[in-house]
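Before any questions on how it binds or moves, here is one chain, the form predicted on its own, in structure tokens.
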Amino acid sequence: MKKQSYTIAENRLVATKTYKLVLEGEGLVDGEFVNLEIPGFYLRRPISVCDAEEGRITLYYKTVGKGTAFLADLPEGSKIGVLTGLGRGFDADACKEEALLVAGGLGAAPLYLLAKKLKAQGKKVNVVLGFNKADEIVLVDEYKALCDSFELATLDGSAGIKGFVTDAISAMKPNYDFFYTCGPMVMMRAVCGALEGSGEASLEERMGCGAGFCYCCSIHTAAGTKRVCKDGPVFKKEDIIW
């Protein structure tokens, strides 16, 4: 874990209640998520890392409460405190040749960085994204430019296949030797139940410290009690107790 100060280079609305936040600072960020220090709020906000380059982090977040609403109003050039190096991420090496990535909503953000890693290793990447409706869609163009096959689903049918990500998976009929998923818990439960073989899922829980000290994000797994922020948020399919 490392505490740094970053400058907001971009903070703009890209979909309904959804913002793209680009931070600039020194060094290369590691970890699955960062914790943002929002002025006037006691607890930091954990946000998954969508992309990370030298001195630059890209995040996506939704305005769901007072803290994220305040964050959305911060202008470019503002300084913000960031805790980096948090969480255990996806294991790109678990995929041997071809991966399936399944995301719901803003679960598309952390899977994008994984997709880049898999492609850099010379592996094929199949992607399925699901959203409630078209005005919530993000990162579709970025995924299409990167992956080998792509399918989109919306619950109301306003874009792509009408239905769930599981319907889009059935339409795609992808080949894969390992799968990765991130999104709402009910979606990931359905994905892990429907897909054969091994995979990983990135879980969500309310976090206090984000570094494993407070234990408020503890869950029961097949391997015992684990902290989502420290031992996860990514867990193997077979270890998750839904």
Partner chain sequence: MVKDLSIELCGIKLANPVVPASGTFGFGLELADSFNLNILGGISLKGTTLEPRYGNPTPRVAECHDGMINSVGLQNPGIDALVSQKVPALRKVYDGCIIANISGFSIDEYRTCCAKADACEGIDIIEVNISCPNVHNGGMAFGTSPDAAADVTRAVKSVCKNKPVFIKLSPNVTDIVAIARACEDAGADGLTLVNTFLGMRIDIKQRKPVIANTMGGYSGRAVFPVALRMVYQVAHACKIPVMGCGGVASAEDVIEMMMAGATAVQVGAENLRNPFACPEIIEALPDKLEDLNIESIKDIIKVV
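This structure is a prediction, so every number in the text was calculated from the model and none was measured. Residue numbers count along the first chain shown, from 1.
We do not show the form predicted together with the partner chain, though everything after this point is about it.
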The single option of Ile80, Leu83, Ala159, Leu113 touching the partner chain in the model of the complex, heavy atom within 4.5 Å: Leu83
Contact stretch among 22-30, 54-62, 187-195, 200-208 - heavy atom within 4.5 Å of the partner chain in the model of the complex: 200-208
Ser218 within 4.5 Å of the partner chain in the model of the complex, heavy atoms: yes
Heavy atom of Lys236 within 4.5 Å of the partner chain in the model of the complex: no
Touches the partner chain in the model of the complex: Ala69 (any heavy atom, 4.5 Å): no
Heavy atom of Asp177 within 4.5 Å of the partner chain in the model of the complex: no
In the model of the complex, residues of 30-59 near the partner chain [heavy atom within 4.5 Å]: Glu37, Phe41, Tyr42, Leu43, Arg44, Arg45
